[in-house]
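One chain follows as structure tokens, the form predicted on its own.
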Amino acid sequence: MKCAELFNIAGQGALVTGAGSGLGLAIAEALAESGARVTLLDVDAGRIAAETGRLEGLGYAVRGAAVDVSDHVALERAFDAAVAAHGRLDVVFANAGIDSGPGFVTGWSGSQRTRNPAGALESYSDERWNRVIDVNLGGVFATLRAAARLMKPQRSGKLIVTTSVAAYQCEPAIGSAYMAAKAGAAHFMRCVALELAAFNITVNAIAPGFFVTNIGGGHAKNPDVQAAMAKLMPMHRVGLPDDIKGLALFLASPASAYLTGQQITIDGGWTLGMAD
């Protein structure tokens, strides 16, 4: 295969969960801009309708549906509808995720972090824990299961999971349910990669660091927060949704044909430590 063809996904059927905003929307845009036929799924019906309409207006082959990934029956139906509309399914991004609320600290006070009683372990409710696990881990399970059912008979496919640097690095400002779910999703991804390798289906993960998205109630969109976080980044800036597009296309394309079971960190060097 010539280098010019390595990133060619034109005409492929793709599906992205959590595609109404943030990283999921950027991923869906990258796939559509590259010629794929993309189904966008999101729990927010208004947002998914607006973004799908915008992309259709730009001439891209997209369709959208409102689906909660914790509703496994509805998710299976959405996969079947995507295949009915586009003929086949070649690429799936299990991206949908929710925030788990604040962790046991809220930030910095001078040189010390401030403890947050509401985020302490003994304050965690069953409802809060279960909802995060149901979406961020259970949703990944259901998404990969639905995809495998369709991809195994065709003996090809690309599955990509959005995890987080929280999958392997503790951050006390983030609720622990989020970190547990992302760590579980990362290991589950590896298990599925091993199982599906014989079917020419690759399974990998993207582990983002601090990006400007709606996670955390849109806290990251605050310019003051971005400025403070930029000081901690070796690259001296925070991640923007467009920064995910190149990696997403790589993992969706033939360029990553021999890569499976890997979690790729994209964080501007955050997990390397402070350089300046």
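Here the structure is a predicted model, which means the values were calculated and not measured. For every residue, the number given is its place in the sequence shown, counted from 1.
A second form of this protein, the form predicted in complex with a small molecule, is not displayed here; the remarks below concern that form.
S.K.: Select from the listed residues 248, 36, 69, 40 the one whose heavy atoms reach within 4.5 Å of the small molecule in the model of the complex.
M.R.: It is 69 that has a heavy atom within 4.5 Å of the partner.
S.K.: Pick from 135, 89, 142, 192: which has a non-hydrogen atom within 4.5 Å of the small molecule in the model of the complex?
M.R.: When the small molecule is considered in the model of the complex, the option within 4.5 Å is 135.
S.K.: Consider residue 23 of the chain shown here, and say whether it contacts the small molecule in the model of the complex, taking contact as heavy atoms within 4.5 Å.
M.R.: Residue 23: yes, in contact with the small molecule in the model of the complex.
S.K.: Residue-level question: is residue 214 within 4.5 Å of the small molecule in the model of the complex, judged on heavy atoms?
M.R.: Within the cut-off, so yes.
S.K.: Do residue 208 and the small molecule share at least one heavy atom pair within 4.5 Å in the model of the complex?
M.R.: Residue 208: contacts the small molecule in the model of the complex.
S.K.: Within 4.5 Å, heavy atoms only: does residue 44 come near the small molecule in the model of the complex?
M.R.: Contact with the small molecule, yes.
S.K.: Where does the small molecule sit in the model of the complex: which of 184 to 192, 76 to 84, 114 to 122, 158 to 166, heavy atoms within 4.5 Å?
M.R.: Comparing against the small molecule in the model of the complex, the contact stretch is 158 to 166.
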